[in-house]
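The form predicted alone is given below as one chain in structure tokens.
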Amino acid sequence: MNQKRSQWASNIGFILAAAGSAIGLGNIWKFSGKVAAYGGGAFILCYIIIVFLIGLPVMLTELSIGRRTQKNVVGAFHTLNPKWTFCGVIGVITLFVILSYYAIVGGWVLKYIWVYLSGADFGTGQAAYENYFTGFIAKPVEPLIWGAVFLILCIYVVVRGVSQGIERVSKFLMPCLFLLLIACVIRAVTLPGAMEGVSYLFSIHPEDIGMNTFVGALGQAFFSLSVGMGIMITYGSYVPKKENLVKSAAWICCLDTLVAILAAVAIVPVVFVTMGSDKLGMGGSFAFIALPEVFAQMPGGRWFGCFFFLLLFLAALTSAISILESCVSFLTEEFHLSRLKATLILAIPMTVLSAGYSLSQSSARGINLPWFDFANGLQMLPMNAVMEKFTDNLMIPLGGLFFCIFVGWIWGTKNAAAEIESERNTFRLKKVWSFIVRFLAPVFILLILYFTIGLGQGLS
């Protein structure tokens, strides 16, 4: 064990940093869209159940591996069982590809903050907001510049280290995120007629609780918690032995879920009031086209829009920092590089992938790659779509599956539970947790793979 390894200076710092990792763009816009698509309160109920039934146990497996080995995601598996080192490699590859396109989307968010601060001029005409967004992302240079600014901010924080960089920034950014979110919620629910949207969010109709709602909640919960990629292994490796991993993981899940629900409360009533529920959606078109159009029709919409994109920026930045840290930790520990050298080495190939992702937003450029799923066979898809499918549909669930198999059947849940209980911490539900990790979670993850690779659907 590396005695000089960095550690979190405080448990609250770890919880905020890990929650920041879990709280990303998907919590803000995708959750709201799925609430609309899958029955409002019925979806929220399924989501909460799945987070604590599946997400929390899987998160504990990763935290236990990290704290036991005090290693990065690759080094952790190599230490416990060299034959399973490939699990860590899967995590690093997944994170590298994710950050390559996440930085570009983070750049889009920065661009929109600038637009709102400089007057919110999106042009005129019936399709002004759509034309503005599609025109911007199709540009060859400007999105790359904004993406580079976003990535440089991440690099600056990570190079400063665990306690002085990531923890210190998380302690500042996460409270800011919550304050901005609460301000957006207050403004949303005080609009005339907003209670119709609030009622939709929290009304549970039994007929809406079906397989589609369950699968939608499963995909959202799994991808929202930053599990299956090894981030929590890296962050867990910085946790002192005295800290209670069960309580920490529970706090992370609670904060992540709270942000998702508050974001829905901030967005759904506004959309209901201004344009109707049919405008609710998922993905970039919802966040960058539909919502700016909605904000423009409400009193003080310019500043509401500015606060919303600041909120998106904070969520994106804290997630991106955790992704970069996991990759940098691998390089610094396995190849004995400084943090600065590691980030620079990562930045070169990452820039190439980022450029491909950004440039492929314009179909006229024809940057296509092959993709295969059993429903559609071999296809040639835009590079940006293939990168997202590669991580969301394949690598993240595959990583989560291997993590559960490793802890459940190779390293053993007894060893993992012993690590969770270190320093006299109690783990009363360890038998239930063991059953979930060994049997239930793998089945649920295989269900995700069935829908993504088998049926060609996207659950994230």
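Quick note: we count residues from 1 along the sequence shown, nothing fancier. This structure is a prediction, so every number in the text was calculated from the model and none was measured.
If you look for the form predicted together with ligand PFF, you will not find it shown, but the lines that follow are about it.
Partner contacts here mean any heavy atom within 4.5 Å of ligand PFF in the predicted bound form, and among 401-409, 24-32, 37-45, 429-437 they occur only in 24-32. Residue contact with ligand PFF in the predicted bound form: A266 places no heavy atom within 4.5 Å of it. Although the partner is absent here, Y238 sits far enough away that none of its heavy atoms falls within 4.5 Å of ligand PFF in the predicted bound form.
The closest non-hydrogen atom of S358 lies beyond 4.5 Å of ligand PFF in the predicted bound form. Taking non-hydrogen atoms only, C87 never approaches ligand PFF to within 4.5 angstroms in the predicted bound form. Residue in contact with ligand PFF in the predicted bound form (any heavy atom within 4.5 Å), chosen from N72, S170, S354, S322: S322. For the candidate set F150, W108, F272, F223, a heavy atom within 4.5 Å of ligand PFF in the predicted bound form is found for exactly one residue, namely F223. Residues of 87-102 that come within 4.5 Å of ligand PFF in the predicted bound form, judged by any heavy atom, are L95, I98, Y102 in sequence order.
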